[in-house]
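In the form predicted on its own, a lone chain appears below as structure tokens.
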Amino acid sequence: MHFVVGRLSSGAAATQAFDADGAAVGDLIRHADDAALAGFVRHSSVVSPAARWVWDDTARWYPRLLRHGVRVARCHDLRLAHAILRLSTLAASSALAKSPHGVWDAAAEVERPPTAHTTLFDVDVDPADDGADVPTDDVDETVAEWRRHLDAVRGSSAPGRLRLLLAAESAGALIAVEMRAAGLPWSVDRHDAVLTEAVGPRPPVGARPARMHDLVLAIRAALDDSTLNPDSPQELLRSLRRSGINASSTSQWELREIEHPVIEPLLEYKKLARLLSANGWSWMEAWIVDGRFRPDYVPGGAATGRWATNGGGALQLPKQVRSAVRADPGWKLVVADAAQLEPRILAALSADTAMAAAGRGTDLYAGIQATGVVETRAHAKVAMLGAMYGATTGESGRLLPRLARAYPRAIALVEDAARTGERGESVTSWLGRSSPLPPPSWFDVQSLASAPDASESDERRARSSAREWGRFTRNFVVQSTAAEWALCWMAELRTALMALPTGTDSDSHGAQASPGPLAGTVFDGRPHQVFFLHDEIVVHTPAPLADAVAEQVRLAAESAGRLLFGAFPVDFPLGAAVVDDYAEAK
């Protein structure tokens, strides 16, 4: 059963039931407010546990349901699915793919502003008044768009793969909303202690912390420049050159290659400045509310399908502050990450059994070394990353021919993807996400180089831009498929966690977990995902369930591998740790 959720012209929420083919099997039902809609969803989910909720944008509708204590098992996010089907080469012949740019394309391109961080279930934006030029949540148009999706998938060259991709992408949208609602548990006291230990006590507004102040004095003394502001790249570069340091930039990579008394304090100052800027006291005041960090996750935020965040820098938490991510009393964090995910994905994508065998039951890079392809594990890693990211010079370029002889299928796949990109064509992931075409300016450069009067400069520029786009498509097929695996991993885990008993159920698990800030929410006593970073998941769980959760994390990874690659013999091993704070897992 599918339930389409949309709005009537009056602005009231409305739902209608449909079968899997898009035929209506019930009357349109009007809901006066969010509470009434949530009540209907709760009842319908009990009657039809496998129901899938179809709406224009999970980020607009699902927070309203969570606010009223309702979780849904499945949905179909039309905005995210439209973006996939629009570009997918598997559905290139569909009416949706061939249609002119419209409101659904505009909806997919909207960059959402960061939302306020005030209450646990803050409603983001009213979907009837979100500032979009053309609303896409009208119930009739929502139904029409969904039917276009059904037609596009049915007529595609791989409907099974596309259905799995759209289901996984939509599940990711549910998880993103839930992670923001639950929040990442955060200790302000621990964060303050980390900052104080690193830079000194919090200074008055406009002043530098004590440690950074001392480093500035050391930098000025080493450069004999009593007024230097090291936060200004221009000033710093001029001062370096006056001291005989012929630096072309102030990047840490270049500075590390220079021998001079100023380098050590300067690099230390830059490291602390980054910490203070990205995750200092001001960041903590802006983003940590009631002991929770609630970033705005953006599923499919990158062309490859990888997630992004809208403010807060959640995907770039430095090691220094990870100890501030602390489980509530009576709870634990289960931290899991997939080992060498992308090269394992490459082995499965290319059906390279030799590469898959090298990583079976062991570290893949160590397995490659053990076969004698390269001398060291470090060489194996450099060579593999070079193959996937297009590094053809230096150590990687030297080792790549060895890799190609040992694993011809894998290397041929990324080389073919690179050549496709260099021709200005799309490549497609395992499940059906396709890369965008280069911009018009790219084709202009290629055309100019093909003209009879083209100069050598024109030709060099064309070759350079072609190689650059080829590096993008080379990695796209691997990174995008890895993102699909991760989505399936998260979706399978979410289903498993929802089926576990609550951690406050003392009949089956003894000691009870304190609900703390989660009391009265859908996460009360239940393990739930709180963080995701490409190939890493963090689950916040009542302590009595921690071992069961760790096992479900592993089982979900195995299931994700089978969903994508069937019986192909590739391992996706996980490192899973049950800890009190995030830093303990690293």
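Counting begins at 1, following the sequence as shown. Fair warning: this is a prediction, and the values are worked out from it, not measured in the lab.
In what follows, reference is made to the form predicted together with the DNA, a form of this protein that is not presented.
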query	finding
Site check Ser232, Asn310 and Gly390: each within 4.5 Å of the DNA in the predicted complex by heavy atom	yes
Interface stretch in the predicted complex with the DNA - options 268 to 276, 409 to 417, 368 to 376, 70 to 78, non-hydrogen atom within 4.5 Å	268 to 276
The unique member of Trp186, Trp430, Phe472, Trp146 whose heavy atoms fall within 4.5 Å of the DNA in the predicted complex	Phe472
The single option of Arg322, Arg161, Arg86, Arg292 touching the DNA in the predicted complex, heavy atom within 4.5 Å	Arg322
4.5 Å heavy atom contact, Leu533 to the DNA in the predicted complex	yes
Exercise: Thr196 in contact with the DNA in the predicted complex, heavy atom 4.5 Å	no
4.5 angstroms heavy atom contact with the DNA in the predicted complex for Ser248	yes
4.5 Å heavy atom contact, Ala454 to the DNA in the predicted complex	no
Any residue of 252 to 271 that, in the predicted complex, places a heavy atom within 4.5 Å of the DNA	Gln252, Trp253, Lys270
